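Given as structure tokens, the chain that follows is alone and in the form predicted alone.
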């Protein structure tokens, strides 16, 4: 029992279930090289917990390649490499084979002792009993990686409570749980004076205007009083509908708090009406969501969108780190955090563009500002540089070169302003101020067509950045057309897809066969792992390939994986495991950046695995194993 409670998930199980488990475990010994279990054994009949030693697993897909690959020397060498690369190891405290036990099937892997090893063993009937009786054990077995990720997020929240107040509402809570009182409302013909009196008596800063059936029609706030009544000399006897903000934000009661926060930040409003069956049942304000915060998400978003100059944006950019700390504390998921960071970065970019246009004047041709890379995927962390471009439609009588000559000085000004705001210039010059990134719609299509049809290594590298694009400013329609065009072209070109698969397999996760991680031996960051290059990139590359191969135009990696699963191209369980693994590595990157920011050090993506606690090391190992499973899937699909 002392051993069990040192490892997840047993450390969270109630004592009665731990006692049951301890009573029914028996200890088995496996000499170095001995097989613990293999597919030929039939349906899995035992649950194993490694007490001491290491157990190596070899992906069954590797054995299946014998029916796919020819007997040429080159292919045999590749098969051997794939077998070694796809292998993974389980260490002390880890369990297997959960999936096979749940599905009543044989294992898909050969489990072999790497060294003399001891394993606790539990018969399937007792495993089934524990699954049925222990909610913690059931959740772990059915949501293995997601369950461990939940624990990691809880650890992050606990570490933040010392420096940040823990009284805020969880951002995963439904909006219905935030309703503290009946909504203050009035009819549209109510005089402004009467509405203000209701606000005073109820001690609220806003009132919702509804029709006779309590359907929201508008909102009136104290800010509106100053802006639309006092300064405009409107009579207080005028009906409230003359000065209200029409079409208020509305959400159902089951919507999560983080969804309301994102909507308010995106639209710049401070209130959301909670509506059920078209009837107002409550109002949630920014204050309700961030009552104890010194910096609120909506407040920060509004400040960015109204910043009077670049200097103000520079100072506001620093508050993004504080908001992320607070959202971590409130229980926001990693996907929510990266989307919020991207949302705030989007606001800064749009405000920079607006300020630059105010100074230079509008060009004679409209344009769309594009984002590429992590911003295009909505997966930004706190360390990011610029990857952007411009798309335009050349009007009749003007050449693309002529339009480009007009837009490039503006693009240069915007890129420099973004650099001042903390978004460094791209070392590879993937920026709108580069003539190669300021193109008409037809020029973008021609460029992408050339990459798809020829597929040189340089083209593949560019595709990995440029194919993750979306619009940030300007007309979205030509961008959406280009996204559909790319998805259709790539899906139809099997040669290019195979080249993308080869490219995606060049960067295997750093799992070792002797040690649990392979770290950098020298250079600027010795004994570390690059969490971006070696961690998130395999998932990003794999998700992009799976999406494009199935004609999916989404750019976000999680959306790509889930859309691919919805198209029945991969299993849903596979997709969710890969999403969870990507989320954990992103969490580690974000934690690293927050720590470096507080210490006043430059941000990087390198982490020493020895600095992680046991739970984090375990989840990181499993995340890397999931990356290998994804890559092995691609290797088999494309016979590489």
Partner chain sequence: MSWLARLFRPYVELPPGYADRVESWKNLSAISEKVPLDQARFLVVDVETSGLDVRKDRLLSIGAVAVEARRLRAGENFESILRREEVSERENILIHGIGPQVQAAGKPPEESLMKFLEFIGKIPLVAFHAGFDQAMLDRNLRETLGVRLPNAWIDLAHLAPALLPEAQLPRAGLDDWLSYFGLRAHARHRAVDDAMATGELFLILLQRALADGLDTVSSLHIVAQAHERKVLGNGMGGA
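Positions refer to the first chain, counted from 1. We call the rigid core the largest set of C-alpha positions that still match within 1.5 Å between the two forms. Computed from a prediction, not measured in an experiment: that's the story for all the values here.
Below, we refer to the form predicted in complex with its partner chain, which is not included among the displayed structures.
Taking its partner chain as it sits in the predicted complex, is residue 121 near enough to touch it, meaning that at least one heavy atom pair lies within 4.5 angstroms?
Looking in the predicted complex, residue contacts with its partner chain include residue 121, since a heavy atom lies within 4.5 Å.
Could you tell me if residue 601 has a non-hydrogen atom within 4.5 Å of its partner chain in the predicted complex?
No, residue 601 stays farther than 4.5 Å from its partner chain in the predicted complex.
Verify the contact flag for residue 591: yes if a non-hydrogen atom of it lies within 4.5 Å of a non-hydrogen atom of its partner chain in the predicted complex, no if not.
Close contact is absent here: in the predicted complex, residue 591 is far from its partner chain, nothing within 4.5 Å, heavy atoms only.
Is residue 25 a contact residue for its partner chain in the predicted complex, using a 4.5 Å heavy atom cut-off?
So residue 25 counts as contacting its partner chain.
Pick the stretch from 576-584, 605-613, 30-38, 592-600 whose residues have a heavy atom within 4.5 Å of its partner chain in the predicted complex.
Result for this chain: 30-38.
Aligning on the rigid core, do we see the C-alpha of residue 116 shift 2 angstroms or more between this form and the one not shown?
Comparing the forms between this form and the one not shown, which are aligned on their rigid core, residue 116 does shift its C-alpha by 2 Å or more.
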